[in-house]
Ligand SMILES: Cc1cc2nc3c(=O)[nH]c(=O)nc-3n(C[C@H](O)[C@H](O)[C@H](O)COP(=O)(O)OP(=O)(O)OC[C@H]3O[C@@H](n4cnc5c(N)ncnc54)[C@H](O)[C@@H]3O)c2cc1C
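The chain below stands alone and is given as structure tokens, in the form predicted on its own.
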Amino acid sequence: MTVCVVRSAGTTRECDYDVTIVGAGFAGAMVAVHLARVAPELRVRLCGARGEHGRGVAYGTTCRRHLLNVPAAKMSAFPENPEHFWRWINARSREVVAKEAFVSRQEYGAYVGELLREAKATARGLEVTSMRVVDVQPNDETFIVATDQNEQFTTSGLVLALGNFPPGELRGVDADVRRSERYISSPWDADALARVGERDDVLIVGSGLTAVDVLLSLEQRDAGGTIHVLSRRGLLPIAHRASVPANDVFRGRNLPASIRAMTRLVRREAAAAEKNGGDWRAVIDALRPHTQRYWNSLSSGERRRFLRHVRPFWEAHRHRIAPEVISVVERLRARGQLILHKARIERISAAADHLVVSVFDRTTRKPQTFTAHFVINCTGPETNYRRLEDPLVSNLLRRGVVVPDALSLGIETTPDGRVTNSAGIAAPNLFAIGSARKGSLYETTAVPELRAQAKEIAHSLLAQFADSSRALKGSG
């Protein structure tokens, strides 16, 4: 086994851990699983909040109506074994689960949790803890880690699997509203959502996947009177549909250097697919293997144009939802309970027993006012690390261990996930996985991307340890 060496005052001592993984959702858990499979003797510490291990926010839901957005046969945790999850769930189900079925996210959380338990049972060096890391201090070629339980330990390798942070604060909300129980700042706060009563009118700000999750949670409890969903573009996610896979029309092509030209290309290919009896969804799916390469080819200005003009349309078409989910949304709209607004918030103020919502309607080009009892922030995770009120992130920024990327989508990393510090140096033993890498990869939060990153990071760490071992033997 690799020995982690800390050098100080002419002495050497062994580190407490070979690898520490900060965050125990899907991404962090899978790094631990891969390390356990390949090097079960490594001392690996997985740090996550209680109940988070293997589940995180996405798969820790208590709502049975929250379904995966990808068919079961495509949700394996292992890139080299694509039907692993589908076989796993069929081995435990009383009825046959079709490959194209969209199953409960709770089931997927149970799957990842079992993979982690199996890894812990077979790898004597894997330690799974319920604690939060609040500080990381570089110490020569290693790190000193501090937790919320007043514990400090040393580690040779470090993986930041921080996941998604709560949404940023909404603009236009009065301070007294923000401080009240009527303002639900995190859509993942089940206790806060439980305060919404059967007759309470609700404003959901944001119309993406998280907003749909909230709709399903409210509908399951028969909660909410009139539900207003508001976003700048007024776009809801689109449903999956079975379609014949398109040819990879993007393979080997020099894709346009401008977002405008790329948008035209995708629209032409989608129209051609529809004309030939296919489906535009297959064209979007065909682009997926090339999105990271394309993102890296774009100039900073073109990336900004994408974020400003194209991102809402891309998200709605790319991140689709199960047909069963869209049927619930359509039922709510058909009976007039769900009202979709293409608008921006001007002000949300408090009245005696409700909130007054003033918006500018982008369809009518006129102001509009309505009332609600609760406002729920579903604008998406905050990605600007400078705005996060998180002790670990604050300390990482203060120490210069991480640097926000130019677009404030995450932090600066190398293509293989090594974290770049304030001096522009990428540490060989510090990695980030998932949403933190959005600035360099953009598409980096779905299982297909996360499972590949987890495997790659695990093998990169092992390679780094092997190099260190050879260096130690050579110096001896």
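The first residue of the shown sequence is 1; numbering continues from there. Note that the structure is a prediction, hence the values are computed from the model and not measured.
Although it is not shown, the form predicted in complex with the named molecule is what the next lines describe.
- Task: Have a look at 373, 105, 305, 342 for me and say which one sits with a heavy atom within 4.5 Å of the named molecule in the model of the complex.
- Result: Looking at the other structure, the residue within range turns out to be 105.
- Message: Quick check on this chain: which one of 427, 446, 407, 63 has a heavy atom within 4.5 Å of the named molecule in the model of the complex?
- Response: After the contact test, the surviving option is 446.
- Complete contact of 27, 70 and 131 with the named molecule in the model of the complex (any heavy atom, 4.5 Å): Yes, the whole trio is in contact, each within 4.5 Å by some heavy atom.
- Want to guess which of 78-86, 155-163, 118-126, 225-233 is within 4.5 Å of the named molecule in the model of the complex, heavy atoms only? Answer to the contact question: 155-163.
- Item | residue 48 within 4.5 Å of the named molecule in the model of the complex, heavy atoms | Taking the distances in the model of the complex, the answer for residue 48 is yes, it comes within 4.5 Å of the named molecule.
- Message: With a cut-off of 4.5 Å between heavy atoms, is residue 57 one of the residues that contacts the named molecule in the model of the complex?
- Response: Residue 57: yes, in contact with the named molecule in the model of the complex.
- Counting only non-hydrogen atoms and a 4.5 angstroms cut-off, does residue 450 reach the named molecule in the model of the complex? Within the cut-off, so yes.
- Message: If we define contact as a non-hydrogen atom of the residue within 4.5 angstroms of the partner, is residue 188 a contact of the named molecule in the model of the complex?
- Response: It does: once the named molecule is placed as it appears in the model of the complex, residue 188 has a heavy atom within 4.5 Å of it.
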